[in-house]
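Here you get one chain, nothing else, as structure tokens; it is the form predicted alone.
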């Protein structure tokens, strides 16, 4: 089994796009605050100090050599920039403490954030620029942007947005319009650094809202945001939605996203059958059950299962974790995930045929 890669991520991606041979499938463990463990700093240092976040992100890529670098800490940097109260423990992931607004009347006073001045966003952009300058020649660099529905839900709280969708839909749409504008502003600022936005829309999941509400309240704003990004950068972003997503796969494709990141609660084979001829699929090793709590052998088995299920997807496949990795994910398990992709190699079918366990 190869112990190192024969191509850089940039070379691999170029070969895949051109239909040329390449050394292995693209592989992306969705690393977030594990970067603090690689650098040896506290998690809280990543949110406010762009240089520290950049150094941690760069060090983590150089440690594991995965195929897309994502600058990301948590889902609360955008809500905080618009007035939400966020609790930031010293060495754990931040979490929401209080929403930015509580009533419909307060929507009128809510404005989109300025990514260059508000909350932790300037540090995020600084980190993205530094990572891009250091790594872009070798690996694609992205920075996470929330979907408008997720940002709206975090600005008022999940219960409130749910109530408004049923009882005050016009108010929900007013809030979503503001959230969309904020997300589009951040995406534009990320593109200006040279990096590419990637979309994460956790609250649009069918685990959280109905497919009907997804179509009414999430999809229209996601489509506009994807369109904005494509117009500004020339490329569509990838889209991750957590939890159960099978009922909205068609809608996710309809956004125009270039790749659908599928949570481990979803079935890769079913996604391949339904939408795999139209879009790249990405997934879906369980981040907690396997990558956090399993052994390297468990990670290898789960990775090979994903490759067997979707490695031949007509629209392309990226081996990935089903969602962001927990902070304490063992390094050996991330290595095992990368090594599984190397073990299979290319062509995928021939590599799998040689593996007997």
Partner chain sequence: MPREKSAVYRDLSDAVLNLEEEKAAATAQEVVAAGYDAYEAIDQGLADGMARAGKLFEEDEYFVPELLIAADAMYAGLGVLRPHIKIDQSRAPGRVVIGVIEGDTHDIGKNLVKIILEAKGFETRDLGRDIPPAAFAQAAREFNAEIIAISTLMTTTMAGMEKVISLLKDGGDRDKFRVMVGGAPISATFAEKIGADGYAANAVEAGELAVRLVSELRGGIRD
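Everything numeric in this text was worked out from a predicted model, so none of it was measured. Residue numbers count along the first chain shown, from 1.
Just so you know, the form predicted together with the partner chain exists too; it's not on screen, but the next bit is about it.
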Just one of 112-120, 270-278, 200-208, 181-189 has heavy atoms within 4.5 Å of the partner chain in the predicted bound form; which? 200-208
Considering the partner chain in the predicted bound form, which of 126, 142, 93, 258 comes within 4.5 Å of it through any heavy atom? 93
May I ask you to choose, among 244, 232, 215, 173, the residue with a heavy atom within 4.5 Å of the partner chain in the predicted bound form? 244
Residue 312 versus the partner chain, in the predicted bound form: is there a non-hydrogen atom within 4.5 Å? no
Would residue 159 count as touching the partner chain in the predicted bound form under a 4.5 Å heavy atom rule? yes
Given that the partner is absent here, does residue 223 sit within 4.5 Å of the partner chain in the predicted bound form, heavy atoms only? no
The partner chain contact at residue 326 in the predicted bound form, heavy atom, 4.5 Å: yes
Is the partner chain in the predicted bound form close enough to 6, 12 and 72 that every residue in that trio has a heavy atom within 4.5 angstroms of it? no
Contacts with the partner chain in the predicted bound form, stretch 153-183 (heavy atom within 4.5 Å): 158, 159, 162, 163, 165, 166, 167
